[in-house]
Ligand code: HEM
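Here we start with a single chain on its own, the form predicted on its own, put down as structure tokens.
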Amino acid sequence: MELSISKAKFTPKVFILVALILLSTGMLFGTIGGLQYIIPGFLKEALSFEKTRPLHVSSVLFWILFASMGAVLTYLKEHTGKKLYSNNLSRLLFILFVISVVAILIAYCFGVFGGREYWEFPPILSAPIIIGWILFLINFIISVGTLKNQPVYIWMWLTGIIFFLFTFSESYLWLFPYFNNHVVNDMNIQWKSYGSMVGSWNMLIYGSSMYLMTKISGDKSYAFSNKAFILYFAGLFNLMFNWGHHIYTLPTQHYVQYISYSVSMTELLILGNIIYGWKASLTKAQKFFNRDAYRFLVAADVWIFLNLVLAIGMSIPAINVYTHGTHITVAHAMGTTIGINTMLLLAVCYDILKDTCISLDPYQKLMKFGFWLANSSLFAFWIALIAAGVLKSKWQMSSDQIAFSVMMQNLTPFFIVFMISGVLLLIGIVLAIYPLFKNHLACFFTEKNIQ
């Protein structure tokens, strides 16, 4: 069979392929970080914790962004029934992001930092991301053509793209002395930008999930329903104000905190309700035919419920005082990033990459085993973090504290569970996505054209 890599056209599916690589990479670095928790000095010379943490965080965040871009561009073509305005803009977007990600990961490996929190890399490396995202926005707007009588997922995608550009730029205001020289204002802006940024990529993910549910059920009424648009506006309100619970401990305006508490996690509650209603409406035949994507959507529904309970508790000021800065916050972040966002994106990945060049039927047992291993391991992972967080919160609010090192040593059993479940989670995810990765690579070695 003739090798046809040169004939393969660039498609948004390439974003998904890179996204799956970044997901595996991010989880690998996360596993190394977990080992460093229980084995002090592990890989300290070659890959110390101050390197593995940003390597893990940035890889996972770029998994979300690459998968979201691939999903939006692919589904936009399906929705309009036309080609994108410019395939060259999509290709340039891809190149800019790949260059930026590679440079960022290399910088971390060599210990070159300069940023904050999610974006700990030197600020100059954010330039390709901003330029690429502007191209993404231009391509999307022109490809859509008109916003009149569009379904809710078009509005979600548009809002997510615009707000990510705004909040990502806002997260770099600390570079200016006017903001950097005022600690409280600086922290307010930092948490506001990061909190809203999460809401912006949630819009991209939830919009893609909404499109997928519409596609599987064959019922477009969901995408035009009042409930779907309530979700959209709740998500928009959530995006703009829900970040307030991060700054309960800062001396800032109380009305911001009150608003953030009132809207806390309403977005997830409504989304969970929509998925539940959609799930109940499917016939057995539809469920079986789309079993791979469906399975991950159901998992996300369960994690929405679990994380909603935790998130509401964390949003109560009297509880937030205890949980802030503990492993409970990490449990919430992991439950959201892996349990909700990753499960939803994997459902999208299965839909976009399924049977592209080879059938996934021979891999059904492997994928199903990987799915259950990943979710059960994530649950143990999540519980271990919550338990460690409860003990740490008790310690930090105690009037008669033992030494920090002693407290951390007492948490070792939970860290061991955390590490073992993290390894199993990595294995489960890799088993679940391996057939997709192999499937798409096969397209470059066949004469079958992928679009």
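This is a predicted model, so every value here is computed, not measured. Just count from 1 along the sequence shown to find any residue number.
Missing here is the form predicted in complex with ligand HEM; even so, the following discussion is about that form.
- Think of it this way: in the predicted bound form, ligand HEM has a heavy atom of just one of L76, A107, M213, I338 within 4.5 Å, and the residue is I338.
- Ligand HEM is not drawn, but in the predicted bound form it has no heavy atom within 4.5 Å of A388.
- The shortest heavy atom separation between A432 and ligand HEM in the predicted bound form exceeds 4.5 Å.
- Heavy atoms of F179 never reach within 4.5 Å of ligand HEM in the predicted bound form, leaving it off the interface.
- F42 falls outside the set of residues with a heavy atom inside 4.5 Å of ligand HEM in the predicted bound form.
- Using a 4.5 Å cut-off on any heavy atom, the residues of 110 to 130 that reach ligand HEM in the predicted bound form are, in sequence order, E117, Y118.
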